[in-house]
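As a starting point, one isolated chain is supplied in C-alpha cells, in the form predicted on its own.
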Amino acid sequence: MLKGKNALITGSTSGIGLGMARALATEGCGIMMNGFGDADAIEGLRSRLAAEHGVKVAYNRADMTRPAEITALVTETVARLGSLDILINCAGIQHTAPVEAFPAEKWDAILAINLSSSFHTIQHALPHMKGKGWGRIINIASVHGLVASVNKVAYVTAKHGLVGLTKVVALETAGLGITCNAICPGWTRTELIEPQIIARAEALSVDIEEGGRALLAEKQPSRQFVSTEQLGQLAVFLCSSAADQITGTPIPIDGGWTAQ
C-alpha cells in the first residue's frame, strides 16, 4: 500500500519505533531509522529489514536533543531515500519522581526529546510534503497526553504538549493533502516501561510478570499490554487513503484506560 513512499521514524532502533518501521516496511515503504544502541545490532536490524521487505532502509544516529543534527537527519533522509513522505516522531525517554524531587536535568532532557524534537522534525519535513501535496505526520504521544499520573511531571507535560503540537500542525496543513495525528498508547511492553515493572515487582516482592500484571491492573482495564504490532498497524491505517480526513486527532489505543 505504501510502495514508493518513504518514512523517517525517530527512535526506531527498538520498542514502538521499531514496530512502526517493520509495519511500514511490510507495506513497501522505505525507512530512515534513527536511535541509539549497539552499532552492530542496529546494522543487523537495518539490513534484515531491507532484505526481508525489499525496501531501502537507512540509518542516522542523530541526537534528538540537538536541532542541528535533526536538520541534517531530515536532509539525509531525502538524499538517501529520495523523498520524505511520512514522519513518525517516536523518540522518547522517561524518568519518574515527585515534582519536588524531579531533577532539573531530567526535565530538560525529557522536554527536549519527547516534545521539542518533534517540532524540529516537523518544521523541516513540511516543505518536502507540501512540495508533493501529500504527507503523513504521526506523533507517538501517550495516554499521558490525555490524562496524568503521579511522579511523571516531565513526561505528562511533554506528551500533552505533543498533542497540542499535533492539533496546530493539522490546522495549518488542512486541505493540503497532509495529515497530522497523535497515537496515544497505554501500557506497551517496551524497554521504556521495564524499569517501572521492575520497581512494582520489587515493591510487591513478586516476580517481573506479576509486577507487570499489577501495573496493568491499576490503569488498563483490558489487563493486557498494547503490542508494538498493533501500534504499527494503526500507523499504516493513518497513512492510507481511508484516513485522508482524520487529522488533528489524538487516538487512544489503551485497553480502556482513558474510558474510565
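One-based numbering along the sequence shown. Remember, predicted model here, so these are calculated numbers, not experimental data.
Quick note: we don't show the form predicted together with a small molecule, though the next part is all about it.
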- [ ] Can you check 77-85, 169-177, 135-143, 99-107 and let me know which stretch has heavy atoms within 4.5 Å of the small molecule in the model of the complex?
- [x] 135-143
- [ ] Would you kindly say which of Ile93, Leu111, Val163, Val156 lies with a heavy atom within 4.5 Å of the small molecule in the model of the complex?
- [x] Ile93
Task: Residue (of Leu45, Val55, Ile197, Ala62) lying close to the small molecule in the model of the complex, criterion heavy atoms within 4.5 Å - done: Ala62
Task: Distance check, Thr13 to the small molecule in the model of the complex, heavy atom within 4.5 Å - done: yes
Open item on the list: I'd like to check something about Ser116: if you look in the model of the complex, is any of its heavy atoms closer than or equal to 4.5 Å to a heavy atom of the small molecule?
Closed with: no
Task: is_contact(Thr71, the small molecule) in the model of the complex, heavy atom dist at most 4.5 Å - done: no
TODO: May I ask you to check whether Leu234 falls inside a 4.5 Å heavy atom distance of the small molecule in the model of the complex?
DONE: no
